[in-house]
Ligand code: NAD
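Presented below, as structure tokens, is a lone chain in the form predicted on its own.
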Amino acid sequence: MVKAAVLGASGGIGQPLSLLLAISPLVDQLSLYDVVNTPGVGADLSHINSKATVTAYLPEDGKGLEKALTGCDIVVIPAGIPRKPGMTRDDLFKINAGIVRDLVTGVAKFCPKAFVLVISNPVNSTVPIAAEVLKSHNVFDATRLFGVTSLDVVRASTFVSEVVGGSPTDYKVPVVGGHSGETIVPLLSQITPSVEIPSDKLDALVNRIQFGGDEVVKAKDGTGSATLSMAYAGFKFAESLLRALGGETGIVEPTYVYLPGVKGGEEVQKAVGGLEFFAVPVELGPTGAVQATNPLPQANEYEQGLLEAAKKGLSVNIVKGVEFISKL
């Protein structure tokens, strides 16, 4: 029996993500939590003839989160405010940092062994916040905490196909680093199957992968950010993890992890100047993150330049997250 929770289930990402989890044959119980509208979302989803039993909770004087999380195996956190035109992910920090802190405190208290998938932006900082909260409760396990960066890979394969032809499903593009702007580093030289990106289109392609979210924010004209594509990408990662927990082998997904606590992570950490958090392809297994792989030595000169910019941005983002908790 697998119990999954979505924290922030009534939001723009939370609703479609909850739908996808509700119809997944890998989920037996789906627990929804948000500060508003959760009973309506839960009632709506409960009418679907899928395997999952759906329950929904509001805060209820602090008891709602406990009820939502108790017994959970996997917790997905898309909670927070969305980006609006002109906002950077950093602008979201002050609000979303507090939301993630409080929700992960609930995880630490009510389901400390659960696998935690953080979607709430800015991921570069909210995952370090989650780690510090779990550490403060003595329940931190780096192999069970994941920053979801799958959308960058989803976008990369889509945008590459538009440049070189073929279907987006034809290409696997390694994307490393973080999950905002210049911290996103697509390793286009390592696309499988191998393709040649025309030199006159390289800069524009990289920029689009790094800042693709801005296209959606602009197109929605003040009404939201990338919600449907993020819900798909978040579900894609959750599904991979659930398959790995069920014993399927050879599953590798990119994810933003605490490098010192994951096998193979220390090698990556040395390659990125000591950063403790970084997104790389990670093999998933029954215990979570089994093995981090290091594609950085194969990066070409152009990509090395991108990595340098990413490291600078990430170092600031990580410190910001850690200090948010340490200064409380």
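Source: prediction; values computed, not measured. Position 1 is the first residue in the sequence shown; the rest follow in order.
Omitted here: the form predicted in complex with nicotinamide-adenine-dinucleotide. The next part is about that form.
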item: Within 4.5 Å of nicotinamide-adenine-dinucleotide in the predicted complex, all of 111, 242 and 288 (non-hydrogen atom); value: no
item: Location of nicotinamide-adenine-dinucleotide contact in the predicted complex, chosen stretch of 144-152, 130-138, 200-208, 251-259 [non-hydrogen atom, 4.5 Å]; value: 144-152
item: Selected contact from 117, 230, 72, 187, since only one has a non-hydrogen atom within 4.5 angstroms of nicotinamide-adenine-dinucleotide in the predicted complex; value: 230
item: Residue 34: touches nicotinamide-adenine-dinucleotide in the predicted complex, heavy atom cutoff 4.5 angstroms; value: yes
item: 4.5 Å heavy atom contact, residue 317 and nicotinamide-adenine-dinucleotide in the predicted complex; value: no
item: Distance check, residue 121 to nicotinamide-adenine-dinucleotide in the predicted complex, heavy atom within 4.5 Å; value: yes
item: is_contact(residue 80, nicotinamide-adenine-dinucleotide) in the predicted complex, heavy atom dist at most 4.5 Å; value: yes
item: Residues in 200-227 with any heavy atom within 4.5 Å of nicotinamide-adenine-dinucleotide in the predicted complex; value: 225, 226, 227
